[in-house]
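Shown here is one chain on its own, the form predicted alone, set out as structure tokens.
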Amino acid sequence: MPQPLSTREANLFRTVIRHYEDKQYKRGLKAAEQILKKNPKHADTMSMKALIMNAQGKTDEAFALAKEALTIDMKSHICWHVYGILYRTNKNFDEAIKAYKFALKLEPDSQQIQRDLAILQIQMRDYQGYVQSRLVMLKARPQLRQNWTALAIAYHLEGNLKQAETILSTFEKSVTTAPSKTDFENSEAVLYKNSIIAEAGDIGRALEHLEADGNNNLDRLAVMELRARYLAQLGRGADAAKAYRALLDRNSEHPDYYKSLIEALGISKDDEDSQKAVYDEYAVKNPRSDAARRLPLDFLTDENFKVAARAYLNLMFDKGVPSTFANLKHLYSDSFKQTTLPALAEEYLNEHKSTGGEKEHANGDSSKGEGAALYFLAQHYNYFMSRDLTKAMAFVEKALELDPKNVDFHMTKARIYKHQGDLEKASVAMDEARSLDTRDRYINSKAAKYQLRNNENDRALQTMGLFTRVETAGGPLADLIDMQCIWYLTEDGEAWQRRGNVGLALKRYHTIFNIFDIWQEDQFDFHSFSLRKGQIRAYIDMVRWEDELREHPFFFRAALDAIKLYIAMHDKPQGPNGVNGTGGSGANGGDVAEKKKAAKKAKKEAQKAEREAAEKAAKQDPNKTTAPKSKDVEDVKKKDDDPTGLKLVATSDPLGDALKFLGPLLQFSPRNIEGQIAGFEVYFRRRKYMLALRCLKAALALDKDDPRVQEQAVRLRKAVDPVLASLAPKLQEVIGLTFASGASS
């Protein structure tokens, strides 16, 4: 039986809950101890104490106390709710859902438990369970529009579009007063309903709904775009053309509007003159429009292209637009255009010199005219499809003679050095470019990247520190991790890997993995926030983006690096902690003494950062009262007990640790052959031959001529043949069919 509390202690218990919600954990713990001093077996207070302890980082003690509370009072919905929260904060979502459901059996009317369960169900993509939870919440509070919208979202994500539309329509019919024109939530709900109708494939009805209910919608651009798209899909070319012209009048730089207008007008892709006439019309109407002049270069050919390209390049060079080459390099897939563009640039240079262009630059901007043409040609010859690094260097040197302090020219020179293979000169040149504009974050990041490519980790961190927060405890690296700067962490990890410091390399890759976990967990905040703010369409986009989160190239690159490093650790396990497994993998990887020295130096730097952080904390103004609220828990959560990655290196099962990265990589990027090759190497070494065979078959389907895949097929055949007779008959059949079909050839 639960112990009853006196009035004073009941009020104190509510104070415990309030302190927990305000993250005043020390006060909450003190209040809980006061209750337990008189009521040592009060299960609800024990549960709240466990929750506070968990927030302070004492996870094991918190679970032990929560279990003890449950044994005292198995029928307390608070105990079960807290137990579910503990599991949720420790990412055991299945057990958390079980605990929430048990709590709901004891307290079916609890909106808080029902809400927590629903949020966890959508986080786990349990759409059927989410539908049921939202249906219960709607029945409990049908007056709230949020509950109707949430149920519609649940049906939508489950794939039941008809029911989702019905729910939204039912609420609209129940509203007796017309919403105001400035009602943002209603405006979003109208467009969300429209998107459901269109997603169901009923474009005609979607257009009717848009024209009937979207006239006063606050998102005018979305309404105009949807209307134009629906008209085009319905084959109403004249109306669609009119709609796209209205969009172009609003934004003449949008390339899709031009293409859609041309399709709506029924102009053939082979009719260059008619297409060009459309662009010329808007070039005259909008003299400063770039898209109307640049986009025709995509489809024009021969002399028509040459005339248009000359006019465009002359205009860009006269203006000194730095992005000219970046805007045109996609045309290099056409050999005629690839040779024509540099010829026109050189023609411009010759004409410019013959007309006395030097005088113009003596009194003006030397990045325009001749300087812009030289910059274009330097980029042209530095580009991989038209590379001639000698010519590229000659052109960039000429450009620098005109303007020695031009940042773009210096950056191009650094890129040329990089492509020549001289990473040291590239790093110096990029840092020189940085020094010309110390307020530009982009060039600062670029300089740090080139320093990392040259294995200058410490110098790169100092460079990045110029734009990080000085007050951050732990220095620039801690701030970069807080800001989730993945490109830096990846480059830093690869640099440490080349230098042979396995510990710090693994540390960076695991940090990136954790950042992607954080992005996935960040959904928790938006499941309720988006409904509260009425941001429904953005929420649906976010959910679908999160489903493909680990397809991102950033994740793939870091995961592949980590897997290769773990494979190297398995193949060469000897060596001291922190530097084993990658001997000879980089310029500094062969010298064990240097590796030890690097690991020791990194450890000292981490200790120094901790000391500095402690000193900063000690020097903080004692009169500040806002920070201490959550300071204790933040210190516990952020403290790193393995700053140099030595614990990661000390693993006894490198291949088992590699599976943490390999699983998402194979699941979300199955069409990348590098992932399949890495998967084979891990499974082959673990003697999981069927899984290795699966990766091999996937790699063969992607590129059967890749020599690495052929080599893996031979290795697998040699490994399987001696044990083939001992395998299950079904496995023997699968393996035999695979190799008989040509996998071993």
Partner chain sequence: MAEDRQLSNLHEGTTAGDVEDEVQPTAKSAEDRKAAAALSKLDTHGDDEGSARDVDQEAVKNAVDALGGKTADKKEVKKVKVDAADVNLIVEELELSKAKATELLKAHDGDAVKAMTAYITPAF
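None of these values were measured; they are calculated from a predicted model. In this text, the rigid core denotes the largest set of C-alpha atoms whose superposition between the two forms falls within 1.5 Å. Numbering follows the first chain given and starts at 1.
Only in words, not in the display: the form predicted together with the partner chain, which the text now covers.
This chain is displayed without the partner chain, yet in the predicted complex the stretch 108-116 from 227-235, 401-409, 108-116, 644-652 comes within 4.5 Å of it by heavy atoms. Note on contacts: among E185, D334, D298, E199, the single residue with a heavy atom within 4.5 Å of the partner chain in the predicted complex is E185. A heavy atom within 4.5 Å of the partner chain in the predicted complex is found for one listed residue only; from R415, K446, H77, H570, this is H77.
Using a 4.5 Å cut-off to the partner chain in the predicted complex, not one of K41, S133 and A725 places a heavy atom inside that distance. Interface membership of A277, defined by any non-hydrogen atom within 4.5 Å of the partner chain in the predicted complex, is ruled out. In the predicted complex, the partner chain lies farther than 4.5 Å from every heavy atom of L36. The shortest heavy atom separation between V543 and the partner chain in the predicted complex exceeds 4.5 Å. At the 4.5 Å threshold, heavy atoms of E733 reach the partner chain in the predicted complex. In the predicted complex, not one residue of 326-348 has a heavy atom within 4.5 Å of the partner chain. Positional change of R27 between the shown form and the other one reaches 2 Å or more at the C-alpha, relative to the superposed core.
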